[in-house]
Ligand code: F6P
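There is one chain below, alone, in structure tokens, taken in the form predicted alone.
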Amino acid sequence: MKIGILSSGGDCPGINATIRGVGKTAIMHYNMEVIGIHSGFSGILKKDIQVLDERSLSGILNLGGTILGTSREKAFRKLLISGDGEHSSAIKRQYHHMGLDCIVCIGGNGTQKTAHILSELGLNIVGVPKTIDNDVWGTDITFGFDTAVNIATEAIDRLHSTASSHKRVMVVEVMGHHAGWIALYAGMAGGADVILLPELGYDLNRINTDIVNRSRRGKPYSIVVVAEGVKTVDKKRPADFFTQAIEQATGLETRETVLGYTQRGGNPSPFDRNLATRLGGHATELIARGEFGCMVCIKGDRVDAIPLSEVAGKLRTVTPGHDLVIQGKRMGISFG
């Protein structure tokens, strides 16, 4: 068999480990031919490809980013959704011209949605979930999340000392447009006093009251962790909004830190390397068994698969009943 691999959407620690997991399993165990497709889905139409062999897959396990490059190109998906027959025919033609038996699509929600559309066109597709946001439907966890949480937690740890020294409120903005998994896990692990998630909303007066009460109890500083997707009344970015609002209402000196893209960069954690390797290897197993139109996933500690039709257009978000939220509240942490 001959398989293609592509990565699409934002970069994420663990993509290279996944490419390696897919490729080495295909080459070493199943004697397949492996083709790397550059720059996401657009690489199919442009036939921007390279042969991946054992040598080219060596030494990439610990590398961040992706050796295949990636793209957030939306035009590709828009053309597919529009039902452009000529465009669809061109995709199929290139797929067959390259002699592919399957394409492994590594990416987040948008990627898996596009993968489903390609599957509906009759292409053999297997998806691998990837995002630091941990919000892909159908899997308990995505690679990249653990690395991002480690980075955010280390930053929060460091901010404790400067917040304590200056008796300040520190507002830390982390990634998470629609889901607050990073804010929740890093906030809890980093000992945050206030954790704000897109899913739970907030009462600004309550936040200010909680911070003032901490000060009155002899707690001279507070750490506020907020996900970037938390909505603000004036559409300011959350770090700016909460920094200004808290300082004006409480009179306490307040500073902000936006972690931004540092959460997506660098080498994957050991956990993410192993998770990516397991998911990549299972994707190749599915191909060998002729099981297409699905996305590999983690259920408990078991690697499984779910139809792409069940994944497309859905998000996995934090619920108010999550045990970390409940435990945090029991310990006096404010969730807004």
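In case it trips you up, residue 1 is the first one in the sequence shown, and so on. Predicted model only: the values in this text are computed from it and were never measured.
This next part talks about the form predicted in complex with the named molecule, which is not shown.
- If you check the named molecule in the predicted complex, you find a heavy atom from every one of I132, H177 and R264 within 4.5 Å.
- Residue heavy atoms within 4.5 Å of the named molecule in the predicted complex occur in exactly one stretch of 153-161, 194-202, 132-140, 91-99, and that stretch is 132-140.
- Although the partner is absent here, R72 sits close enough that one of its heavy atoms falls within 4.5 Å of the named molecule in the predicted complex.
- Taking non-hydrogen atoms only, E228 approaches the named molecule to within 4.5 angstroms in the predicted complex.
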